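Just one chain is shown here, as structure tokens, and it is the form predicted on its own.
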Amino acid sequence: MEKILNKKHIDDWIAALDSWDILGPVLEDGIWAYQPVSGAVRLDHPNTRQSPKGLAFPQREIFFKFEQIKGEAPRLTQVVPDEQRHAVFGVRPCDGRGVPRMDLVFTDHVEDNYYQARRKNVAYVGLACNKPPGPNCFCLSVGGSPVSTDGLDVQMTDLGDRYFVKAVTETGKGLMTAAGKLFAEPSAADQKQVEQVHADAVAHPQRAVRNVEAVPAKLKASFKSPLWQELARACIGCGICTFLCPTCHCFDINDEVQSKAPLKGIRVRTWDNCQFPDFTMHSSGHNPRENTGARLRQRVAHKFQYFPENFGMPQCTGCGRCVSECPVGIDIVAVVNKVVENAG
């Protein structure tokens, strides 16, 4: 399904989706973030600071509550994700490509009921990139595209005073059908224009991970290289790189005691981070990744070696957030290229 939507009707479309919670890019204190919107939605945004992955994989999620009263059997109460549907507008293609990668981990690789319960109620309305890329974008070199539809339910392309709107999935068709009268059929000129917009977007030069197909073998050969410690020397272990990543999915599970008499608490899943010093700490005190070099190696190898070995594709989508937001300037593109270059 391909349609034309006049820009003045975007808010009417959102109003028609009355059974969905709508999120869109909002600029607040100089930071773009996905937040609930009920009226006007701005779609003139660069990429947001954080990806929308938290809708299906929240940063903090309660699995169940527990209570132990002396002399009685423990009481467990499961906390089930709500059934509210969420439609996220303005998702950029690099974040869209993060969705099937998260799905591979939490639906194909293992069956994570909590992720699946949330994921089925999230729809992604994407916006193709039609402006020159940011200084740290590199989606093309990891198999993506500024006009990719991967992971999206709907793709929108800005044509000036109107959007070219394409349903990618059945969920996307449903979103468009809910406001069918607002959409018009695209003309031949519209089709030609969107093809040109897409071609121009792909033609914009970007940064690049060089020869990405050869990277897994090169990384494997460089496992013991002293270069890792050199490249990670500035790292402060803040973890911002993975917390902002659209595909990082490591987590920890903890029991949090809320009272002791009677004993009450919750079991919680929270995001974890391979750049934290205690991420792989054993109960014995041994840490197989005891320094920043080993931890940087893990992050890079997960993206460009382990994930390709397991799933046949890079885990990285080239959004560039980890480069742009790193407080000490560690650059994953430069790191990969440097390690590969030195691997011979």
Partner chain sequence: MINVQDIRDTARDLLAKGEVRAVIGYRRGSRGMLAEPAFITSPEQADELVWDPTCFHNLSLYLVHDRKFLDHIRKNPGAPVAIIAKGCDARSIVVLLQEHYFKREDVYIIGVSCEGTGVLDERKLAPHLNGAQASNAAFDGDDFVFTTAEGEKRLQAREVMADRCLECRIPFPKEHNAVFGEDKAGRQMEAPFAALTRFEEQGSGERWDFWSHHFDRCIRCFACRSVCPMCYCDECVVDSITFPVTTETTAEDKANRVRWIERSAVRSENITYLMTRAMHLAGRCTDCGECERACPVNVPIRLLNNKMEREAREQFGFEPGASIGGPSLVASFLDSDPGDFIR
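Positions refer to the first chain, counted from 1. Everything numeric in this text was worked out from a predicted model, so none of it was measured.
Omitted here: the form predicted together with the partner chain. The next part is about that form.
Fill in: in the predicted complex, the residue from 236, 217, 202, 184 that sits within 4.5 Å of the partner chain by heavy atoms
Exactly one residue meets the criterion: 236.
Discussion item. To verify the annotation, which of these, 86, 119, 198, 207, has a non-hydrogen atom within 4.5 Å of the partner chain in the predicted complex?
Written reply: Flagged contact: 207.
Worksheet item: Does the partner chain come within 4.5 Å of any heavy atom of residue 290 in the predicted complex?
Response: Because a heavy atom of residue 290 falls inside 4.5 Å of the partner chain in the predicted complex, the answer is yes.
Worksheet entry | residue 59: touches the partner chain in the predicted complex, heavy atom cutoff 4.5 angstroms | Within the cut-off, so yes.
Worksheet item: Using 4.5 Å between non-hydrogen atoms, is residue 177 touching the partner chain in the predicted complex?
Response: No, residue 177 is distant from the partner.
Worksheet item: Can any non-hydrogen atom of residue 278 be found within 4.5 angstroms of the partner chain in the predicted complex?
Response: Residue-level check for residue 278: yes, a contact with the partner chain.
Worksheet item: Would you say all of 272, 283 and 323 touch the partner chain in the predicted complex, counting a heavy atom within 4.5 Å as a touch?
Response: Yes, each of 272, 283 and 323 comes within 4.5 Å of the partner chain in the predicted complex.
Worksheet item: Which one, 248-256, 140-148, 153-161, 190-198, holds residues whose non-hydrogen atoms are within 4.5 Å of the partner chain in the predicted complex?
Response: Contact-bearing stretch, as computed: 248-256.
Worksheet item: Which residues within 105-132 place at least one heavy atom within 4.5 Å of the partner chain in the predicted complex?
Response: Contacting residues: none.
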